[in-house]
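Below you'll find only one chain, the form predicted alone, shown as structure tokens.
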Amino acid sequence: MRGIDVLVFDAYGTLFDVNSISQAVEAVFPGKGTTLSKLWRTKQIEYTWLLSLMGRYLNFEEVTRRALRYTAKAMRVDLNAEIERELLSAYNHLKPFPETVEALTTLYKRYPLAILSNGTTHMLEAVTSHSGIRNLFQLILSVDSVRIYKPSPRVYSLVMEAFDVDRRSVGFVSSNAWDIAGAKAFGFSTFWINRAGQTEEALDLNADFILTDLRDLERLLRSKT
């Protein structure tokens, strides 16, 4: 592994547990928390891909709202304006994974850290501030500035505009296999946080390293220095 000069993290599903939204969903739709939150997340990602392929753009907050409305309709639950506001607000307060704060605090001492996310700047500032880790990141980069979603190369180019480094010296960290494929195609060194033991994508764009969680990332990088 060549030297890593900067670490760039995906946010949702990598630093923050998107499934933690199920608690807020369960509170307003008893018995449906897990199922509804999973469909909501699936539709959220699908909409980003559809919009990008169609050459259209809605920011991630609006995509998240539209995905929630679809999910509520599909599951035949009554999503009124108050509940919608409550659940969208809860999305800005997702829980970090148990190891996130400790691992990032350690990595912060050795690398510049950044976030590159589909989320809007407002959403990312909110969720990182709520979890107490905003100060660990030198930059928060949102797709809003290029108006297209991952895995478009235009998104990964934001890192190159922000940091004067070689592509291979960017360590890109994500739990999403499709995001890892996009970053690998762009030329980043990739670290896949595969918490759920998922199957690798069959695109010949495999991660450089497959890890269980962010603790493994910290240990790996420490062992290489």
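Start at 1 and count along the sequence shown; that's the residue number. Everything numeric here is computed off the predicted structure, so don't read it as measured data.
Missing here is the form predicted in complex with another copy of the chain; even so, the following discussion is about that form.
- Query: So, in the predicted bound form, is K73 in contact with another copy of the chain at a 4.5 angstroms heavy atom limit?
  - Reply: It does: once another copy of the chain is placed as it appears in the predicted bound form, K73 has a heavy atom within 4.5 Å of it.
- Item | 4.5 angstroms heavy atom contact with another copy of the chain in the predicted bound form for F97 | No - in the predicted bound form, heavy atoms of F97 and another copy of the chain never come within 4.5 Å of each other.
- Item | Y149 within 4.5 Å of another copy of the chain in the predicted bound form, heavy atoms | Y149: yes, in contact with another copy of the chain in the predicted bound form.
- Query: Wondering, does P112 line up within 4.5 Å of another copy of the chain in the predicted bound form on heavy atoms?
  - Reply: No, no contact at 4.5 Å.
- Message: Heavy atoms within 4.5 Å of another copy of the chain in the predicted bound form: which stretch in 21-29, 200-208, 6-14, 213-221 meets that?
- Response: In short, 200-208.
- Item | Members of 29-57 lying within 4.5 angstroms of another copy of the chain, judged by heavy atom, in the predicted bound form | Heavy-atom contacts within 4.5 Å come from K43, E46, Y47, W49, L50, L51, S52, L53, M54, R56.
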